[in-house]
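Shown here is one chain on its own, the form predicted alone, set out as structure tokens.
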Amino acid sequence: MEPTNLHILGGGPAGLTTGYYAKKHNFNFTIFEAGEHAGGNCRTLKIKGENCKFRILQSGDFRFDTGAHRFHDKDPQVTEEVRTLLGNDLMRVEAPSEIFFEGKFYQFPLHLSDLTQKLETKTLLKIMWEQLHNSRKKYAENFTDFAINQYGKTLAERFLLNYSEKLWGAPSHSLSTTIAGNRLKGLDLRSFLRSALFGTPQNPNHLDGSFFYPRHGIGMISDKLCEFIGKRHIKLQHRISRLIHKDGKIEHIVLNDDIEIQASTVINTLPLTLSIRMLDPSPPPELRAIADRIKYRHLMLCVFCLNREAFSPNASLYFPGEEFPFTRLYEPKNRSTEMAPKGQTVIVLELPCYSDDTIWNMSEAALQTKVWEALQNVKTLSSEEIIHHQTYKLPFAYPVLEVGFEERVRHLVKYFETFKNLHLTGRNSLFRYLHLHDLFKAGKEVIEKIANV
């Protein structure tokens, strides 16, 4: 087969995994990335000792990921691909996670033997009654209904609905049931009674503490993908401005507002709503109206480098309470000791928001103060322990899955599918909450589809 000219829009994990398989198929392709670096929101950032403001560090640098990323062994073929890329630098990690709620730490995913030790008898009996009452599951139209039907009102309100509303920025009754995972697996009446009455040991299968992680951060995967793809196939600081189409085909791609290139086969990983606005001529008004109703959540990261051995033993800590502006804290050192200098650590706090929220537009100093004060309600920390702090903005971190989003997305995707030479792949382009192993699989599928045409 003759090499095909592929234009891959976006150099995030979806674009890089697609480029990885394009290279394996010996395609002639180019990845266009608007930023200075490839990897999107799947990068590892480094703070060098000489860049820190307050104290000279010991040997080593602070590293942290743009999100509490981990690599799950969900697809054996994908795991083998990543293992081939990273070799011995892909490590198996055993690190627990917890929820901090009303002054107590709870195992996450929730486990009944842990709940029985930390909740009042009255609350436990209430949970048991709700489990019995909900033994016949009802149809759920939204996430509130789903959570209450599945776990009872008490558990749902304490650990699920409040956190989900903070994370997604919407009332839980407006969120789709698809945001539910299996993190509360095993919370049925039988296991509750067994745990409550006999203290059954926790089932390790319910813990979220076993995963793969690269030795120097999740960005190693993006870096190795770039290395395999080759620099000549990746064009950085090439922002997609317009997609010019005619007769059901993308004819030209406009880069940085003034560079126009002829399009052959286009693979789009950019956010669905942005892609609609890039089309020239514009799509029908009803499609633009649909796009305007679709939301993406941004993420603000607040990073503290600390002169202490550790903050906690956890991979992640979750905060459903309204008194905390952040939803999650992760400590990279608990994934790999290479992520911080000896005797010191770094913690990263995630603050989900929209572009018009106060947090997104707050000064770095004000945000640091707000987050630091809230942290005092978790553990006492001295400001003297702060070696360095920074904030980072991650736009379009993940799609907001509201009730009815599937139908709205279907209309937009169906419209893009009318273009004979355009393919969609990735979390933002397909508006799906995909993980890294999913993106490898999706990239492989779209390349194989093109190869077999």
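This one's a predicted model, so the numbers in the text were calculated from it and none came from an experiment. Sequential numbering from 1, following the sequence displayed.
What comes next is about the form predicted in complex with a small molecule, which does not appear here.
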Exercise for the section: Kindly confirm or deny that 319, 371 and 385 each have some heavy atom within 4.5 angstroms of the small molecule in the predicted complex. Expected result: no
Exercise for the section: Using the partner position in the predicted complex, report whether residue 401 sits within 4.5 Å of the small molecule, counting heavy atoms only. Expected result: no
Problem - Interface membership of residue 379, the small molecule in the predicted complex, 4.5 Å heavy atom rule - result: no
Exercise for the section: Determine whether any heavy atom of residue 24 comes within 4.5 Å of a heavy atom of the small molecule in the predicted complex, and answer yes or no. Expected result: no
Problem - Distance check, residue 328 to the small molecule in the predicted complex, heavy atom within 4.5 Å - result: yes
Completion exercise
Given 139 to 147, 274 to 282, 168 to 176, 109 to 117, the stretch touching the small molecule in the predicted complex at heavy atoms within 4.5 Å is 274 to 282
Problem - Heavy atom within 4.5 Å of the small molecule in the predicted complex - residue from 47, 422, 68, 412 - result: 68
